[in-house]
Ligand code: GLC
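Just one chain follows, in the form predicted on its own, and it is written as structure tokens.
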């Protein structure tokens, strides 16, 4: 009897040491379950999207401007990166007053970029590389050189109300605009048209008249634009400037309300001078996005293939942005762009600010939707200039290991920085509408400079005598060819991140915890039953930091394996680190993972199917303790 009791006590000791198997009610094979869930995922839900600004990506014909054939020739580079889909900024016929965002024909290719045959060849080549093409859809306005606008200005019945027209007011015999609305690019949003003898609305430059979406004919015409490009094989659309599409309707007397002003802005031509309560984020805008989604879904039902998607550009308040996903009865954009990492993080942000910024999106996102993370685009300063070149890798690590999709602007994988452009070389209308004293506050040219392919002349972008914007002075050091040679370059770390994201089921499907471990250290935990648990740990600031991950994350083993480290790190892939005293050098970031796969559900001690430590479920330990206690009592009774 006593030998039996001793044996049972030994079993209890071994159980507390963690060698018992997982006592979870779900006995489905873990690998099979994960594979089934991955098969159910849609192609875009954990995708890596790459924005190409065509003018600046690759010039194939020596005119100093990038083009479609240049993109086609560069597709192997996107394949090398591991890109799922690339979004092309506008490539349509345009007088280029706003570099393609002023479209004269929505279903033609601009000659400066190539021909329709060139586009069709791009589509074929992209399909061969298994890279999807997303086009820019610019619904708010056309060019004033568009046939629609010319016919509307001429008063043709079909097109008369295609745009927002108004006669304005006579004040002391002088014609005045209909309202005080201000253009995003400064000055009045109303432009007098001498031919029609009326004002037209332009929320951007005066050569971009706003379309009138209260006219069903306009809505149908723009839906047909979507159908045209869907038939060409595109995988979806990025919708430009969505919040501006509708403005407040005129009142019963046909008049538009003035917007109230912001007292802290004193320049009456500045967009910030007014509170834009009548010209952005009108409720009809959300419903219009749902209409566009219905067009895409209808096309898929008729023609099959992968789901076509919408990516919506909006810098609106978070509660409004979330409505773009859809509601209980209608689907919206699969990915309303998440610009919080751009708009809310600065060099002064601490780890808690980073954590709050990430959680803000996840906390507001409706159940069942997919998150996305954007670090930069053609309208905002590059992340390397905004937050520092020494934070480029850690921020790419962050977006690659957070749940959902990520969006990379061309050159961010290299750590490209903004280029100073003189007033004389400035071409961006946002800046050109100002003056030499203030243009740098408004220009977007610095983040739009040509892509840096090599140390060759013109950075391998072109062989022209002059490129449309100047090349960065550091192109001989910061380019694709040079960074391919260095295992710890921004480019190679980026490629490893995308490969990890594609291969790690936890990063695609797992639960997420985001915590500030100190004022300087941010940690993201991703966990998935039947798979490895990952931790991304970032030291955001300039001091050496030591943190204890076990104090912040329950049931964490004391040792984790390094998967990927930034160039600042002394650690390398495969190293085992002690997470109870994890030391991080300034701006160092690590991706760590457990040495075994998680095999328990919530409410149980952590248990790993391989590795050096396993724990029983809590209920298992208590049950065994009770049984041993009863047996010992019985043995004591027999001994008496």
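As the structure is a computational prediction, the values presented were derived from the model and not from experiment. Positions refer to the first chain, counted from 1.
Just so you know, the form predicted in complex with this ligand exists too; it's not on screen, but the next bit is about it.
Colleague: Check, residue by residue, if 98, 204 and 238 all come within 4.5 Å of this ligand in the predicted bound form, counting heavy atoms only.
Modeller: Judged in the predicted bound form, 98, 204 and 238 all sit within 4.5 Å of this ligand.
Colleague: To verify the annotation, which of these, 379, 118, 458, 561, has a non-hydrogen atom within 4.5 Å of this ligand in the predicted bound form?
Modeller: Of 379, 118, 458, 561, the residue with a heavy atom within 4.5 Å of this ligand in the predicted bound form is 379.
Colleague: Under a 4.5 angstroms heavy atom criterion, identify the one residue in 132, 448, 308, 526 near this ligand in the predicted bound form.
Modeller: Comparing distances to this ligand in the predicted bound form, the residue within 4.5 Å is 448.
Colleague: Looking at 165-173, 261-269, 238-246, 419-427, which one sits within 4.5 Å of this ligand in the predicted bound form if you count heavy atoms only?
Modeller: Of the stretches listed, the one contacting the partner is 238-246.
Colleague: Does this ligand get within 4.5 angstroms of any non-hydrogen atom of residue 313 in the predicted bound form?
Modeller: Result yes; residue 313 sits at the interface with this ligand in the predicted bound form.
Colleague: Should residue 444 be counted as a contact of this ligand in the predicted bound form, where contact means heavy atoms within 4.5 Å?
Modeller: The answer is yes: residue 444 has a heavy atom within 4.5 Å of this ligand.
Colleague: Check whether residue 181 has any heavy atom within 4.5 Å of a heavy atom of this ligand in the predicted bound form, and answer yes or no.
Modeller: Residue-level check for residue 181: no, no contact with this ligand.
Colleague: According to a 4.5 angstroms non-hydrogen atom cut-off, is residue 185 in contact with this ligand in the predicted bound form?
Modeller: Yes, residue 185 lies within 4.5 Å of this ligand in the predicted bound form.
Colleague: Using a 4.5 Å cut-off on heavy atoms, which residues of 129-143 contact this ligand in the predicted bound form?
Modeller: Sequence-ordered list: 138, 141.
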